[in-house]
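Only one chain is included here, represented as structure tokens and corresponding to the form predicted on its own.
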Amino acid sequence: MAIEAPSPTPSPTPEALRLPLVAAPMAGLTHSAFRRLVGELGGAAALTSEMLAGTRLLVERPDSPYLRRRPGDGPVIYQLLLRDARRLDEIVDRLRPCHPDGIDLNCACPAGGVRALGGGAALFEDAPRLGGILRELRRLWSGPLSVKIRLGHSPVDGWEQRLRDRLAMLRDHGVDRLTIHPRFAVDRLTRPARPALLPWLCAEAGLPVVANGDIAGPATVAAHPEYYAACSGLMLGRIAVVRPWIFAAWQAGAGWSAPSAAAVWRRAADHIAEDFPAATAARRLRQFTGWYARNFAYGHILAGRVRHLEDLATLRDVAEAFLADDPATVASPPLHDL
């Protein structure tokens, strides 16, 4: 089904290129070590935690890499995965020592396991449950409250009005900001996002909107600044893992010099090793390296060599052997599946 952008659309503006940039929540990736790395490289207006299962937080230690923050991280928003309001007072209290710069409710995740539990995109479809969570969350938390959403479950007739109704609910329950990923839940990440809908979505939302989905860098916005002109910010996903310096580069503009790709990998490896037990660190570094390897002309070799390594020391040795040859980097990493 073809979906057209409702009219009218705002006039193009170069200001869209200078919108605040936010790091998206990404499972296994936006932990404390990654947030520290991006904070050191600079440029992000805010960082987002991984999607945190509410009741799981209750057994996390204060220095958990899912919760930990450092002064150099900059603003950190903690994203919650909830399916009901039970124990929400304890969950919010668990976050308070982290001094969140905001709490975000995930109503966008399309993963089957998450939806089967009633969270993510499934919660967005269930107005009574969503309303109950928002009422309690707003009662318990007076700070910035945001919600991440998609367009709905699927593009069946009437999806626009269902979305309008849900946006009205979010406003009525005191939500301060929305992150909108202009895909449907059934699209997952396999179909292109629909940024042409953003002007209409911003007008209908009646709240500040951060745009997410298929934003690979300034060129994405420059190609259609009219799509993003009404947005209050841009959220970057896996391109930020491939190039953690993208926030600084975007904000600095022409003339900015990229850091050594090998040096940034080593810094990421050090941070991950510091924040996680060795076995977990190996998994997290392997996951990071799989994406980060795209910076190299033959990065598929690095990704393949570390893919199944479970020992942290061995993984680092293998990566260092690859980096020791001063591997060539690419001007533009492959982005077809980000």
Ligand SMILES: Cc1cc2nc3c(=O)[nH]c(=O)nc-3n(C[C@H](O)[C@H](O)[C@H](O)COP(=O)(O)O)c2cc1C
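A residue's number is simply how far along the shown sequence it sits, counting from 1. Predicted, not measured: the structure shown is a model, and the values here were computed from it.
Form predicted together with the ligand: not shown, discussed below.
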- prompt: Does any heavy atom of L21 come within 4.5 Å of a heavy atom of the ligand in the model of the complex?
  reply: no
- prompt: Are any of the heavy atoms in L189 no more than 4.5 Å from a heavy atom of the ligand in the model of the complex?
  reply: yes
message: Contact with the ligand in the model of the complex for M235, defined as at least one heavy atom pair within 4.5 Å: yes or no?
response: yes
field: Partner proximity in the model of the complex: E50 to the ligand, non-hydrogen atom cutoff 4.5 Å
entry: yes
field: Listed range touching the ligand, judged in the model of the complex by heavy atoms within 4.5 Å, from 265 to 273, 26 to 34, 297 to 305, 60 to 68
entry: 26 to 34
message: Within 4.5 Å, heavy atoms only, which of D214, E136, E160, E204 is in contact with the ligand in the model of the complex?
response: D214
message: Within 4.5 Å of the ligand in the model of the complex - does that hold for a heavy atom of every one of Q79, K148 and W291?
response: yes
field: Within 4.5 Å of the ligand in the model of the complex: residues from 91 to 108 (heavy atom criterion)
entry: N106
